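The data below hold one chain only, encoded as structure tokens and taken in the form predicted on its own.
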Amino acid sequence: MKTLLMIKPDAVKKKVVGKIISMVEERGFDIKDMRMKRFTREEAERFYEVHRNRPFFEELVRFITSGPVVGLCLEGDDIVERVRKFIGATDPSKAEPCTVRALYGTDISHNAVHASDSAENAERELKFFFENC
């Protein structure tokens, strides 16, 4: 099974990409592929399509297109659940200590990383970064 871990523009700007990747490796996750890119508005709208009718949709799109992101294709057993636990709660102030968001997130909007929340979403989201991951 595979999933997407995306390092968001706030973490790239803070220059903590290497630290986050080191955490991924130290926790034993298997990185199958990695790519830095900058989302176009159209891509961002498709990526966050499930939130289109939510009041925060425009803020999500604006934020994710504000700078480069780094996508990691991770593989392993129970990978979606394991990565979600590893990154912590969406709100960094509520995230478990030593999770990515607790360490590098600023607030609920600028929370350093995104991880797919299901196998189905992982399959869809990975395609934004990788052809064959």
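Values in this document were obtained by computation on a predicted structure and should not be read as measured data. The numbering used is simple: start at 1 and walk along the sequence shown.
One more form of this protein exists, namely the form predicted in complex with a small molecule; it is left out here, but the text below deals with it.
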property: In the model of the complex, residue 65 touching the small molecule (heavy atom, 4.5 Å); result: no
property: Residue 103: touches the small molecule in the model of the complex, heavy atom cutoff 4.5 angstroms; result: no
property: Heavy atom of residue 121 within 4.5 Å of the small molecule in the model of the complex; result: no
property: Residue 46 within 4.5 Å of the small molecule in the model of the complex, heavy atoms; result: no
